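One chain follows as structure tokens, the form predicted alone.
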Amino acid sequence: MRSALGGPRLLLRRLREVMAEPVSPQARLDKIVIHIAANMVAEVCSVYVLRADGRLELYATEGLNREAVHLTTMRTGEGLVGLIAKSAEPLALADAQAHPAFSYKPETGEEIYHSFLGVPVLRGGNTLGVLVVQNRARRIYSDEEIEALQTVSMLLAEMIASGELQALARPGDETALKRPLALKGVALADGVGLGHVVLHEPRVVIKQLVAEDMASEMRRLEEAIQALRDEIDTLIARGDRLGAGEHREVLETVRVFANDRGWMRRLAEAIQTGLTAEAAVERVQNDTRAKLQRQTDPYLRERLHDLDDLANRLLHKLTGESYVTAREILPDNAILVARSMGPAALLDYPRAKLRGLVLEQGGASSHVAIVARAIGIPAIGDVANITDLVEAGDPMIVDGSAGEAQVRPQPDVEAAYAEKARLRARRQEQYRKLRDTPAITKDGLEVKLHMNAGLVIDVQHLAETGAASIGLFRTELQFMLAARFPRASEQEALYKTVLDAVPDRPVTFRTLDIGSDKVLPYMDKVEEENPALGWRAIRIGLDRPGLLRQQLRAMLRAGGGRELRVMFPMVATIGEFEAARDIAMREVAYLKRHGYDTPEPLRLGVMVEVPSLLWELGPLCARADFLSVGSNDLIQYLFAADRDNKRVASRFDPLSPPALRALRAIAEAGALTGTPVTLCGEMGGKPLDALALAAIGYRSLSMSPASIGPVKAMLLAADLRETSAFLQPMIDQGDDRQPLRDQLRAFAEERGVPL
């Protein structure tokens, strides 16, 4: 490589010295381009920084007209510099002016320079700017020179990411890294939260780029990679998962990448340019991420997450830093950001300091979403690449009701959301005033509102909301949060704690609903083609009766001497319910023989969520003490559309004639036989959906605590007889030309019903 002053290692050291000098940002940049030009025997060195408006601005130059600094700009994709910014790949030309993308900027005076080498300034695979060197003579830049310039660009990325260059930007021309972003996701938990970003898996801050001893750095890298491989092998051997929601296939993929020779070779080559092992990992991952982000093949883009995870874990091995944020140093207004997260991880954080949660993965029915709703923090999921778009400490707003996140918001946006938060607080105060008011409609019909729960922390909301009871207690959350299978005594203690906390109101416990997406970390995962229709819930309980018997015994002992309600999930036939009921009654007999108090009364019910039960409602009502409608699963099975699959989830609507006919049939069967029916799915907590349910005969709804106030306010203003007369003909006619949801909304709004 041509070098006047000792190669890239010496250059990096000198640039580090410049970075430490107490000078202005512009003076520092000016010194940096002078050093780069001298080291690379170039007559020109220029730095272009990407602005928030998508234009590249000349921030510093050695060799071009300095009066063009902060005046010369170009669009991404315009000229050679714009082409590099768009492609995120280096470009080396012996005669730049012959390239079809060449764009001449007369104010720079660059017409006398022919050879051109430019590299993107990357961070997390995102382009922050472009670094260019030029020469008058037509010459070919070597691979070593390209590598050297890419290495130097890492230091510039660090400078831009620090925010130091913001001081040089005119108002409205802020750098792209600090630009405001409005991101859309999926609503997980209601509310508005204002705070600052905390990364659940924090990035490693590389403090030293320049290697003192390349052989030593190679040894460190090899040792860290071997430790990482051993860790992955151990996880696979134990059947554990890499993280919440990631299964064995992902571990196998990561293991393949960790043993990839091409990856190892690129890391070694990066170290040979003078980088430390940590800087080499970041450099290679930056280049890989930049390429994969621009791929159109969805499979290749999916692999990006696996490579990110691998690089992040390797960096933590090299530095010895914790892989998750230290809970004790959490700021008071934390917005937690993560790719994915399990419910136990969220509960590890101090609730008082959390203002919101944003996830790349995770739907409204995920367990982390359930926990977020339980502890009352706004949350959104399915926000693409959120962990790469934010930096720790960035201001952020989470709107859990709209499923939106505002990153680095403008002052007027922040003020608007602060006002929205104040309005919501005032609305919540109005709902609290309705706590003791029965949900009786304008035409005198009462609808009982119950509360869904799954954690002891949920129980406090019963008194706050005035809920009639706990209409659904999800017992599987205790199992999912535990490090091992909970003992019978631990299960009994939990159920007794819940029952004792609400001595004057009933609790309906659902037996263990695992399988499909609810996999216990300490149980072997059964590989199935379609787990949602596979071995899960009551099917596991009946095939492993010892598991169901232990849970039922814990419930029965906890509920001794008082009313206890137990329901069985995913029942598909009356025979399954009878088999589960027989196990429960044998446990009652066992406890009586051994002198234990048993529940009085004991009520055993069925969760109606499998469509086959729609044709057995009469006989089912004759045998079961009550029915609970699981609308989430029932609707997805009716339409054969996975509610967590973005491609098909929006293709069906619970407020459509087929769905409402099925739901009406259940309510009518219960009314005909005097069997209590409660709907405890997500639609019961949405005011418009709840209005439709009440109009077709539901007099009992169970929902998240935050939904009780809005639904009660809606019911108090509604006339159910009038609504039923309007709705029933549309359900019977089944005309989809105008969505039933839109018609019902217009009907309610005309009558002043709050939705």
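A quick note: this is a predicted structure, and the numbers were derived from the prediction, not measured. All residue numbers are counted from 1 along the displayed sequence.
Keep in mind the form predicted together with ligand PEP is missing from the figure; the text below concerns it.
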* Asked: Pick from 130, 372, 537, 680: which residue has any heavy atom within 4.5 angstroms of ligand PEP in the predicted bound form?
  -> 680
* Asked: Pick from 555, 341, 277, 607: which has a non-hydrogen atom within 4.5 Å of ligand PEP in the predicted bound form?
  -> 607
* To do: Using the partner position in the predicted bound form, report whether residue 643 sits within 4.5 Å of ligand PEP, counting heavy atoms only.
  => yes
* To do: State yes or no: in the predicted bound form, is some non-hydrogen atom of residue 598 no more than 4.5 angstroms from a non-hydrogen atom of ligand PEP?
  => no
* Answer yes if any heavy atom of residue 474 is within 4.5 Å of a heavy atom of ligand PEP in the predicted bound form; otherwise answer no. => yes
* Report whether the minimum heavy atom distance between residue 631 and ligand PEP in the predicted bound form is within 4.5 Å. => yes
* Structure fact -> Given 176 to 184, 398 to 406, 198 to 206, 680 to 688, the stretch touching ligand PEP in the predicted bound form at heavy atoms within 4.5 Å is 680 to 688
* Residues of 486 to 511 having any heavy atom within 4.5 Å of ligand PEP in the predicted bound form, listed in sequence order -> 510
